[in-house]
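Okay, so here's just one chain, in structure tokens, the form predicted on its own.
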């Protein structure tokens, strides 16, 4: 069993990188709006299926991926403008229920557009190599590289651009940000656009490793949410760490016994919630982590 540990860790880090990308989207939205977007998994599905659709139309892979992410970003912004902004004075529970409705609507639209058939996407790079006793697919390097690039780009955006600093200001103190000329409504729309974009990127890079279907988003969104909870829900670095940790623990659990794979995530979630804290990477509650 110990001989298989390197393979479990390698597979877990690949899976965890996907969870981390999705968790980053949850963090961007929650930190600014206090809304847990339960439609986040559907943005993953849209990114994957749109990229596959554009690729089948003869587009180069890079162009197909960028177009898929751009369209999903537009959908994310539209969700905030059309579904959540009109209800901005409602309770947090009402807003969460709205995101559930959005999730159902997006899944239904995908069912009408793409049907129930699974769609494959060719790997960005084929082949595998040995790394410390683990067989690592080259596609896994694309996933890891995408996470690193996304995390670095997000850090640079939040710390070195006016829009990013506006997002951080709204996450810390919306009233003070408004008094300084920042418009929280626009920042809320931007946070949804960024969250959708990060989820779409996850969908694009995971598509070559699995078949994309209209209902693939629910499970991935749930795992991304658990990763975000582990990391603190308002802390991007914690979201990345939480995603990687969840992926490794899930892979180890599945390696020991396949029935344990999905149970691991829920056990971790229960432990975190029972501890009545958001994890070791938390920044002290909502609004303080960006």
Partner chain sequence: MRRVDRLGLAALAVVVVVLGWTLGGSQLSLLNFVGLFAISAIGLSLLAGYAGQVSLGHAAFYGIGAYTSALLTTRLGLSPWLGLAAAIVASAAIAAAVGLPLLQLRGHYLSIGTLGFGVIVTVILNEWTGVTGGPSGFGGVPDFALGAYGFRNDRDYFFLIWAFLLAVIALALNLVNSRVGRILRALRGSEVAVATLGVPVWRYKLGVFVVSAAYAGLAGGLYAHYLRFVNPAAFTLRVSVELLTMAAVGGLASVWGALVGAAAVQLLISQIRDQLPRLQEGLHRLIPAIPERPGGEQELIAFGLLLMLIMIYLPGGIAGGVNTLLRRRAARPDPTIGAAGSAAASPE
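Positions refer to the first chain, counted from 1. Predicted, not measured: the structure shown is a model, and the values here were computed from it.
Below, we turn to the form predicted together with the partner chain, even though it does not appear here.
Listed residues 150, 177, 102, 75 were compared with the partner chain in the model of the complex; 102 is the one with a heavy atom within 4.5 Å. With the partner omitted here, the residue from 115, 181, 133, 120 that has a non-hydrogen atom within 4.5 angstroms of the partner chain in the model of the complex is 115.
At a distance threshold of 4.5 angstroms between non-hydrogen atoms, residue 69 is out of contact with the partner chain in the model of the complex. By the criterion of a heavy atom within 4.5 Å, residue 98 is counted among the residues contacting the partner chain in the model of the complex. A residue is said to contact a partner when one of its heavy atoms sits within 4.5 Å of a partner heavy atom; residue 229 meets this definition for the partner chain in the model of the complex. Contact between residue 92 and the partner chain in the model of the complex is found at the 4.5 Å heavy atom cutoff. Candidate site formed by 218, 266 and 274: every one of these residues places a non-hydrogen atom within 4.5 angstroms of the partner chain in the model of the complex. Remark: of stretches 84-92, 157-165, 134-142, 182-190, the one touching the partner chain in the model of the complex is 84-92 (heavy atom within 4.5 Å).
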